[in-house]
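Only one chain comes next, encoded as structure tokens, the form predicted on its own.
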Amino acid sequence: MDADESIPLLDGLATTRAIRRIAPDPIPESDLSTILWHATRAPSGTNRQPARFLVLRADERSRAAKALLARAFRDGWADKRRDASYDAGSALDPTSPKGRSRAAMEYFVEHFEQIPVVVLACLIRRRRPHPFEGASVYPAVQNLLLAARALGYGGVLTGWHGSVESELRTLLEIPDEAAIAATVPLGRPLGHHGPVRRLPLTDVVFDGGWGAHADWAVDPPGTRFAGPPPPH
């Protein structure tokens, strides 16, 4: 698939959605190479470049790893569905934002094994875990998602691999010094990217002190806003 030359960088930043409905079509190796190359252009602390990407496709071991992840993701969604009241109220209305979110998540976890590519974004640790180590891997994950967007694909940064991490490490021979920082499913969207809804700048940007209004922080015309998340 050719890169979409019509997507300027700023438009891509404003329209890259979390994609959870993913077609089973394979991603050509040339596209995968392009996506991963752009992921590796991201900055990292002291330019040590500790990010590593374990790509799961359709070989026997990858299929086994996807099956493990599918189990973990279904368990993770079951917990979230219960804890965040996805079985009641507006979540039962398929036209509501929460109802649409529920439907996307249900599709995501039930079809996980059919996702063509799952990337385990890892971090080579050179010291004990510390609270800022993600700064050396998560920018690469965002680059990966933006590069996928530019080529017509989509994905989502997730973290529900934790409950099967030990089994994944054994199956995939992941060394102890490599932390699994994120699981990123990738593929062609069954749907589309588009403008995302976020809080207005006036709610999140302060000028010179906490809570101080920034007159210059103005949303572009036509911006559509999201409200704050409901309390759990």
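Residue numbers run from 1 along the displayed sequence. All of these numbers come straight from a predicted model, not from anything done at the bench.
In what follows, reference is made to the form predicted together with a small molecule, a form of this protein that is not presented.
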- Item | The unique member of P94, G89, G134, G159 whose heavy atoms fall within 4.5 Å of the small molecule in the predicted bound form | G159
- Interface membership of R21, the small molecule in the predicted bound form, 4.5 Å heavy atom rule: no
- Message: Is it the case that L146, even though its partner is missing from this view, gets within 4.5 Å of the small molecule in the predicted bound form, heavy atoms only?
- Response: no
- Message: Taking any heavy atom pair closer than or equal to 4.5 Å as contact, tell me whether A67 reaches the small molecule in the predicted bound form.
- Response: no
- Message: How about R198 - does it come within 4.5 Å of the small molecule in the predicted bound form, if we only consider non-hydrogen atoms?
- Response: yes
- Query: In terms of non-hydrogen atoms within 4.5 angstroms, which of the given stretches 29-37, 164-172, 190-198, 51-59 touches the small molecule in the predicted bound form?
  - Reply: 190-198
